[in-house]
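What follows is one chain in structure tokens, specifically the form predicted on its own.
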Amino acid sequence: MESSNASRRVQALQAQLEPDSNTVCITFPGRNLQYLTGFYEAPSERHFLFFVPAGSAPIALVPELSAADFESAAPWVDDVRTWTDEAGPQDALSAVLEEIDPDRILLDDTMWARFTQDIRTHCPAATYGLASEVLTALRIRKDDTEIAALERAGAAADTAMNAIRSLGSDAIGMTEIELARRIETELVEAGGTGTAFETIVGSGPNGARPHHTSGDRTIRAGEPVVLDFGTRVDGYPSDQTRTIIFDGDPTDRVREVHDVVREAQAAAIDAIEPGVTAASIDRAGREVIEAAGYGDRFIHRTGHGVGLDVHEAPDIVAGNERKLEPGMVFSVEPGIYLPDDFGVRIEDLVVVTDGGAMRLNRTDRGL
């Protein structure tokens, strides 16, 4: 991410904090820190904290061993303070908090308890909230750079899906785990970086479990297989699901259910436009499934927001009256799940545009 983009995001965050207040937002390694600085690493036991006060420049408190990488990724952050393993982080942490002297602290929603407890110990009189109170409003609308990365990730998933579908009868006899590993290889060869989440291969009755963990069951001719996977490009994920048959003919019921799910997804996407609610998109797809008699077998929300996190705002679910805005990105993934028999889910990511929606996945949605 360009330094100018990161700097603008921090300024936008500070505007959310109200410049005259004595509030500070504190993030730690994860997607919020990546969003604000461009730097990403997995959390560890070491104190790595990024402080964004309402009315002054941000401060990074960084373990000495991570300092060079952080400064390379975020050269625009002028105040980077390090601590060593020998000295420990507590004195450095105390100094930063004493300097900022906040009366309200917004903590990264995913921050480990060991760090939140240390901050509370140093600032017992402050009130506390979550960083999502201010960051969700910023992250929910993607800018052009983010959408471009999501498009590239979607294209990588499309390339992998086409390669997997082309296996045809060669997939028969493979285990779900073997097919999942093959998918992951194809994602990397298509330009992706690793997987965005654990790859799901649900064959036959396993497809009726929406979050099935790929196992040792073998792929069989004539049965539907749910494939749900994604990769990352420039930190942004793809998330695509297709239900396909590699060889043989589907039963009439499989074909019927698949047609219903495909129609439901199309109806939900057709309903997307700025100003309509997230709940109305859920309703548009769910009505199709209910009319076909499978309403009680659609057992999850229609979609979830996607950005640096695979699951973020907005949820496309009943009761969410959040109005859609251009730049929002979310999945549309209706499904029907028939226990001990089979399941069908079809999923694409979409971007809300000025006139409707743009799909980020373009592969065949048929069996």
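The first residue of the sequence shown is number 1, and the count goes up from there. None of the values given here were measured: they were computed from a predicted structure.
The discussion below concerns the form predicted in complex with a further copy of the same chain, not included here.
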property: a further copy of the same chain: the contacting residue among 253, 81, 141, 211 in the model of the complex [heavy atom, 4.5 Å]; result: 211
property: 107, 271, 279, 172 - the one with a heavy atom within 4.5 Å of a further copy of the same chain in the model of the complex; result: 107
property: Interface segment, criterion being heavy atoms within 4.5 Å of a further copy of the same chain in the model of the complex, picked from 157-165, 255-263, 221-229, 203-211; result: 203-211
property: Contact test in the model of the complex: residue 216 vs a further copy of the same chain, heavy atoms, 4.5 Å; result: no
property: Distance check, residue 75 to a further copy of the same chain in the model of the complex, heavy atom within 4.5 Å; result: no
property: Contact of residue 130 with a further copy of the same chain in the model of the complex (heavy atom, 4.5 Å); result: yes
property: Residue 149, heavy atom within 4.5 angstroms of a further copy of the same chain in the model of the complex; result: no
property: Interface residues of 34-51 toward a further copy of the same chain, as seen in the model of the complex [heavy atoms, 4.5 Å]; result: 41, 45, 46
